[in-house]
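Shown next as structure tokens: one chain only, the form predicted alone.
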């Protein structure tokens, strides 16, 4: 008989382990562990062994911060050599941010890390939590995928490619520009050609600091005063959500002038499309070329979550603005299509 794999589960909070109260669902210390002990399938001999670390302060994922990302990553690092894989139980609201952040922070990863959660708590009759936990354990038991992944709605996604698409559906997540790594139906349909190759380098943790970053979404008729006010602050980076394939109004010379001046003084400005599908291409239209000429860099087909966390990661790792711009436009861990 093959040796049973060992999996480390970190429970950060979120719907999956909440219990009922007069005010609605609420986190409760120890409740998740009690509920897991009631699932007979987890005791089957062909299931992996697991250990649970439940955070003393359980949080709603809307309260997730880079400090919590550092804590999760550090907890994985501390026991990395003792376990075959890791599961992070997490609220759904900011799950895609956490998976994206961890994908950059855990450099040279060689073991699977699956971040998952549920739309309904584990104690509910119709909950999706039960199959989510069982399937996540089985995926790690059967596949050595050396990536940070997000499992939800019977699909395993690359963590930095996933997005939350629905507030109510059991298939709440999708990966608009990259196929799932595993589809869990009656059998596991794995797409191993998409998996990243394990690194031969030693695992390294890059902790995250918080640069002064601003997110700005273009809309028809937007006043340049908004951007002008932003640029009067000590902003280090701006994510500019543009139209279509990365376009902005080139008939607004004041907008282009402000962007060019900001880039010239060292502000990193990223061109991110408002579209779910496709990639930024600033050569396709004159309205995109104007942004490239002003000095904006492309997010290509990265998700907003990957765009944000990649900037956090690079500003925490690099001091040179030139290097930050260069590395942002490179594929570091599968977050963009080359």
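In this text, all values refer to a predicted model and were calculated from it rather than measured experimentally. Residue numbers count along the first chain shown, from 1.
Just so you know, the form predicted together with aspartic acid exists too; it's not on screen, but the next bit is about it.
Aspartic acid in the predicted bound form comes within 4.5 Å of no heavy atom belonging to residue 78. For residue 254, no non-hydrogen atom is located within 4.5 Å of aspartic acid in the predicted bound form, even though that partner is not displayed. Aspartic acid in the predicted bound form is not approached by residue 107, whose heavy atoms all lie more than 4.5 angstroms from it. Interface residue remark: residue 91 is counted as part of the site for aspartic acid in the predicted bound form, having a heavy atom within 4.5 Å. The partner is not drawn, yet in the predicted bound form one stretch among 117 to 125, 179 to 187, 78 to 86, 227 to 235 has residues with heavy atoms inside 4.5 Å of aspartic acid: 117 to 125.
Annotation: in the predicted bound form, residues 15, 18 and 61 each come within 4.5 Å of aspartic acid through at least one heavy atom.
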